[in-house]
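Next up: the same protein chain in two forms, each one alone, written as structure tokens (structure 1, then structure 2).
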Structure 1
């Protein structure tokens, strides 16, 4: 179902306010409309002083957006994560029940799935839940648990226990390390336990990992590569991984790294 221009503009605006900027190309992909439409939207909103137009996109006009360095830091790999997230979103269908792990890599995913309907999203992240709080057509289920201040993730026995009683079609996890022998790893042992549980409770398991995670092994292991249904990443992936994934019949989806702006 197509969005009305009002809705689209609202989402563009919140996207820009959240991330400081947006490119025409990304918005085209996000909303599935033409460049003309996006440009018209941006120009109209600029007239209303809601944002500032730039070549290739627009930036936030809001004085609320302090500290350009902060935006920069958050946005460091924003483009890559955005692309990975959009690709991951393409695996999701209307009516699915999905599980979205906490983490900065999966956060753009919940942004990307806002346009879907009749979706049930289970998450162990307060931030992800907040991002979906104004999407009335998406059923949001938050796993309980102890809030880890470091990662804003909910972890621990309450989380694992909540997962016990749930089963989802697809799980989308982040990881700190993905290695052929070391498997899937993360620095925190309690988060690893929760991630493991997520794998157990999902039919299909996808990992979102930018290419810097490949070949890395962190402290706590939460799964093997063979546990996966697929992995979505970007950039150059070592041939050994490509072969190993192919041999195990695991999907390896690599989004192109064509850079833009800045």
Structure 2
């Protein structure tokens, strides 16, 4: 006997809370309904803040160590990431030596800096390095290390040792969470260690984070807000963050629609 929509949603939520995640295909088989029905249920539940949508399903809102793959994240907040990247690029000058962290928020930054000259870009991302392969006026330094398939990032002891021998003018990092008490966090403890080393090796440190990251805390901490030179974000940011950044004399650059339209 088919379930009513609310009954089905309650069962979906119970399943996700028990197992941490669920795929659309598994839910289709469980409930005997179409993919479009399950996707509609999941989208409605996300709007009600009952779960988080992923590329092929959904996960619990309470999972601090959940980490979507790069493919799952690449289209999420796409327009916001593009705006943030273009703004971040304005802080980079010809001749700078910069470090660009792996991630879908920093990937558009790589595209935005291609017009610059005599730039040295250090990165732990094979995706970012690939994007710059046809830019002969940009010197690309790829850090070694273990490749994490989830984020396409090179991380771990080898990466950290390579960073020990480098110093950059500016580092541009991604984050899964930015919180006044929890600091800067990411789901993976090894990746957190590499991000921490990046902070240590840069004169200026900028975090690129869409506004959904504010107030979130993931599993592994890699820095404090006070470590930052600035944060580049978009949309509405809670006043508590605006005040805290101002008190700590840290740049909080919020890209607006009006500014983008100039």
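We call the rigid core whatever largest set of C-alpha positions still superposes within 1.5 Å between the two forms. Fair warning: this is a prediction, and the values are worked out from it, not measured in the lab. Numbering follows the first chain given and starts at 1.
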{"item": "Correct structure when looking for the form predicted alone", "value": "2"}
{"item": "Core-aligned CA displacement of residue 11 at least 2 Å between structure 1 and structure 2", "value": "yes"}
{"item": "Core-aligned C-alpha movement of residue 236 between structure 1 and structure 2 reaching 2 Å", "value": "no"}
{"item": "Cα displacement of residue 29 between structure 1 and structure 2, core-superposed (Å)", "value": "46.9"}
